[in-house]
Ligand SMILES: NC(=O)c1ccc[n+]([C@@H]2O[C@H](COP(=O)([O-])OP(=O)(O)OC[C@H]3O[C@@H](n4cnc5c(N)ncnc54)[C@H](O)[C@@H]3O)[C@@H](O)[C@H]2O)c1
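Take a look at this one chain, the form predicted on its own, written out in structure tokens.
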Amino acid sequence: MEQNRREFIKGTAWMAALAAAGGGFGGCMSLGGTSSMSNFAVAPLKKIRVGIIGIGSRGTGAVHRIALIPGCEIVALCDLRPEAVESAKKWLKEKGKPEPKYCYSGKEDSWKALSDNDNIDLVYIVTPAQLHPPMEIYSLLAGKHVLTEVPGAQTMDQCWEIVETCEKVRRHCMMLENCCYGEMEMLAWNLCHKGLLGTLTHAEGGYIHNLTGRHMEHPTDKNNFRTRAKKAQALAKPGSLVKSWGNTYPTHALGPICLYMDINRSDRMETIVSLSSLAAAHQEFAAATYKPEEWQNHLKWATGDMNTSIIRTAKGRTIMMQVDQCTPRPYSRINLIQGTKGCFYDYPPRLALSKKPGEHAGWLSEDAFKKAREEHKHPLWKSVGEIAKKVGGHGGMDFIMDLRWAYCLQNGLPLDMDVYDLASWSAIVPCSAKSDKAGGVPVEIPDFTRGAWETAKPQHIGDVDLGKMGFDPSTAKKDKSQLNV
């Protein structure tokens, strides 16, 4: 009976969603007779019934944030560990929130029952990365909207399967790239879309974050990294090779840049070249930190310390991407966007503006930048920034991200990111790896929109109306469970 029901959903869910949306979608027709998800929106969901899969450190933070948002009700929780579910239930009860009616735990596939539950509108996935794609696809086929932590997919086949499933069932599938909602990223987005930087030509981004000690279970690391270290220890035999290719973690920097450039909405990423440096930092750290007989010195680290990739878009723009998780270089996502009239550059944030295209311009003085930063602050950060900082979560960006998708769903608006963003940003990992392995040859990045990018409207990332949502700012309290690293 259950198999028949799921087969029926596979064949008809897209018709039900289309009817519910009143035909509310844009873009062109894609292959197989299904419609593009570009500019896709559904009828307003005044009450969003949320099911959360995965209640670790990030999942716990998500439970706390979503519980603050009016119109969102956490009706289901799932984790392999029963104690994690009970802990989240206890917190909700203590805060006077509705107790989840459905709880699932104890089995590897307990999450499927949550996805199949007809009393859930949206599945929020906060599990280990390899579980994201099967959970996304299963939940979409069960007729649910899906929000997933990064990455949305790990292979090209997964990218295509998620896109095609989403197009068929007519449900949202958005990757929760929180860095798109950072204060500086949203300032840069506003500068770009106000036209203050002129015609955009080039961007740079990266994930420069020294995690060497955490990878090796250094005494100062945090619990969520120790599992990874223990897995490495189990595999550590004399001469064991640790090797990866390309950019393994692109979306924190690439996501905001793609939104600056309206990628998949008037432009698209076409080709990528990628090269990695020599590997030195891990080996030297292990030798200096651990005894020769310890497992950390049994590994041969062959993953390059720095990977640099360059992407070219259909309009001829270039995007330089870097990833370095092992050298002492200070944390940075680089976050540079430049055009014919100006340049924004982060870490530390600075801005250069010229009066006419091509004219030389130096960085604004501290006072001038402070004035420009306030004048061009994104409306979301003007209205919600102080509340978000109080709640916490990577400086407030996590809370703004959740508040924004909830507002869009409640008002029948397209989400700020769609399934094509999920697929194209995730595809950078296998595409860059292919280029790196081949010595830096250009590799084509698939057009997951199948041409819809040429007619899709640029996404307007607007404000949220707290009064319309019924949000009481006094309910926002400092939450120590929110992550900041």
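In case it trips you up, residue 1 is the first one in the sequence shown, and so on. These numbers come from a predicted model, not from an experiment.
The form predicted in complex with this ligand is left out here; the points below concern that form.
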Quick one: find which of 46-54, 454-462, 414-422, 427-435 has residues within 4.5 Å of this ligand in the predicted bound form by heavy atom distance. 46-54
Quick one: 185, 305 and 345 and this ligand in the predicted bound form, is every residue within 4.5 Å by at least one heavy atom? no
Please check if residue 368 has a heavy atom lying within 4.5 Å of any heavy atom of this ligand in the predicted bound form. no
Report whether the minimum heavy atom distance between residue 208 and this ligand in the predicted bound form is within 4.5 Å. no
Could you confirm whether residue 194 comes within 4.5 Å of this ligand in the predicted bound form, counting heavy atoms only? no
Does at least one non-hydrogen atom of residue 362 fall within 4.5 angstroms of this ligand in the predicted bound form? no
Picking from 378, 170, 268, 394, the single residue whose non-hydrogen atoms come within 4.5 angstroms of this ligand in the predicted bound form is 394
Taking 4.5 Å between heavy atoms as the contact cutoff, choose which of 352, 103, 273, 131 touches this ligand in the predicted bound form. 131
If you look in the predicted bound form, which residues in 442-459 sit within 4.5 Å of this ligand (heavy atoms)? none
